[in-house]
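Shown next as structure tokens: one chain only, the form predicted on its own.
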């Protein structure tokens, strides 16, 4: 695809070269800075000064001022000119002879008596290896030898340094460092003149077509290959770039990165080195010469000279972007890095990426656009500004100038296509969601979050609530009307809450629950409000909404008191007494709150336990008085009462006992209360004789003896046995119940006491299970005690053994042996022994122990 990369600008008109001589032709050219040298077929060298300027239309132009021309005194054409600016010399090939002239006067200068004759071609080493700044290296091809001579040109002499033989006669050459790229008669080759190593490249017929050997960079050459290809080869003979497909009749070629410029009989073609595509074609008849000098491409016909002026890369890139050729523009931008200062390039590259992103954005290529925006560090507000009303009204953002795109807004982009509008909005949602977590968005987080909220609300996106529930920078003044407009009242409440306006949030949610506003976002909004208030530290809000919540649902509403966390400080804590006082008119909620205090939080306060027990009792008594009550309701209420009466030890037992004493239907509860008062005989009488519930009586004995010693438990069961065997009650003794009790709990009873109580007429087989159990328990207790005694004796024996072992062998004390502490001798046999068997005086050990104790005390 075409792009305008060069302008063809005239430099030297034919009249300035030829004058009135028709047969004069340009044979060679050389350019050094502003100085242009032409060699003609009549053996003249013409020296021009080129002045570059810009026309009124902004186009480049050149003025050529002829400074001098010099006849070399021969009748042969000047075939080659090369400037040695460091020496102010011009190397000339004319009549197969190398001569050196002064660049200013064009007068010949001496070469130390050395003349190179029989020369067909030569080239300058643009990557010299000598390191001498006042010396020019060159390679020369001799017509008489199959060899290349390496020469050094000084200001006043010419020296042949080395001669390297070649397998065939060279036709053309180029030199870089130690490497010579040669076009031989039948092939190209790379030759290292330092080591004489060579590398054949590919065949080429020099007689059929003129060879091209052009150095384009460090150790890299451009060659004309068969089939109309421009091949690249490095010093190792490897092509690291794809070939360029140019004309079969190419006369000359040059490189102006990133382009390869080729000249044929009728055109100048420009190919990209990056993608090898033809970018520009310029008609040019009678083309003869094409060379590049320090980035300046000079083109000549036989009569005139032109300069191919490269258009600025930035303009080329913008032309590509204008044609929506994004990939080519980016490729060219990346290639331009070598020619642009680093800081300027980074600015340019970011802008090109952003422009490319907007082009692909307009083409709905969202993945590519997102990647270019990300790499180009796009100010996301540039993108948001395309969507009407998304930026906050307080935003001071103005679009980049010059603009990054040609779009006015989203309406201009979509032309009313609703499907496209939705696709663009979905892309922006995705992009803003990613951008939020990037540091580059921190400077304008309000713009991003506000725009994202508006998009979420407008499209009904599920992430709206997640945004508001997380850390965000949504502007209340912009977002509140927008949420209200799109009927997102619950989200509006969240926004109020995030901005510290909990009262406004609750007002909004209460209206939704009451049906004044329609929003189905949270079907469980009532439960949400309760949960919100249960964690709210503003107690005024809690009390303000408590009555409404309890009137709507006491069971759920009371959770604003029961679900409050305990980890808060004084702020946000409720006084239970205040809550209980407030809940007096909400009986169900009061019961639930007291259950929370007593059963869940396990508060050890008598008034809470008593209050809950009284409420339970009132509930049971109330249900019993209602004719329509179901058995399930009454059973559940009594179960709660019975469980509290049994498990709690903090309520006022006498108060509850007085409350229930007249109820003949609550005998189990009365029995429990008698148990709490240690009135076990009354309790057992109720269970055995009034309720006639033997299992309940046995369970009562087990319950009442929990956390008591064995004697207490045994005494309780003996009381129950006595109740069973009491002959003075109506119906007489309960023999079966007594036998069952003895047989099931044989290990609890004292067998001797039991045998004294039992009537003499009872048979032993009837008591066999009891007697066996009692005997087994007695034997087990005896064996257990014996084992315990044996273990104690063994432990005592082990301690005695350890003590004897620690005391060790005999300690020798004599009048000649001294104490280890005071070093005085022993006057009596009594002594103490230090670890290791060292004897010391008893009074010394006592004194040492006393000193150690005092030291520890002071420490």
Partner chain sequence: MPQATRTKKPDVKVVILGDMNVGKTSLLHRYTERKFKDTISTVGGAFFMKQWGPYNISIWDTAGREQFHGLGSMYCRGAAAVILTYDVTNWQSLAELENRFLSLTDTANADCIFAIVGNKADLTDTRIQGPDTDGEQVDERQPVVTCPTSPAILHKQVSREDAIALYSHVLRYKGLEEKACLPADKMCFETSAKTGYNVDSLFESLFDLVLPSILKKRSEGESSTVDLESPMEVKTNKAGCCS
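Keep in mind it's a predicted model, so treat the numbers as computed, not measured. Numbering follows the first chain given and starts at 1.
Form predicted together with its partner chain: not shown, discussed below.
Enquirer: Exactly one stretch in 612-620, 196-204, 513-521, 480-488 has heavy atoms within 4.5 Å of its partner chain in the predicted complex; which is it?
Expert: After filtering at 4.5 Å, what remains is 196-204.
Enquirer: May I ask you to check whether residue 456 falls inside a 4.5 Å heavy atom distance of its partner chain in the predicted complex?
Expert: It does not: once its partner chain is placed as it appears in the predicted complex, residue 456 has no heavy atom within 4.5 Å of it.
Enquirer: With heavy atoms only and a cut-off of 4.5 Å, decide whether residue 699 touches its partner chain in the predicted complex.
Expert: Because no heavy atom of residue 699 falls inside 4.5 Å of its partner chain in the predicted complex, the answer is no.
Enquirer: Would you classify residue 236 as touching its partner chain in the predicted complex, given a 4.5 Å non-hydrogen atom cut-off?
Expert: Heavy-atom contact with its partner chain at 4.5 Å: present for residue 236.
Enquirer: Within a 4.5 Å heavy atom cut-off, is residue 227 in contact with its partner chain in the predicted complex?
Expert: Yes.
Enquirer: Which of 434, 531, 726, 334 has a heavy atom within 4.5 Å of its partner chain in the predicted complex?
Expert: It is 334.
Enquirer: Just to confirm, with a 4.5 Å cut-off on non-hydrogen atoms, which of 577, 294, 471, 248 contacts its partner chain in the predicted complex?
Expert: By the 4.5 Å criterion, the partner-contacting residue is 248.
Enquirer: With the partner left out here, which residues of 239-276 have a non-hydrogen atom within 4.5 Å of its partner chain in the predicted complex?
Expert: Counting only heavy atoms within 4.5 Å of its partner chain in the predicted complex, the contacting residues of 239-276 are 239, 240, 241, 242, 243, 245, 248.
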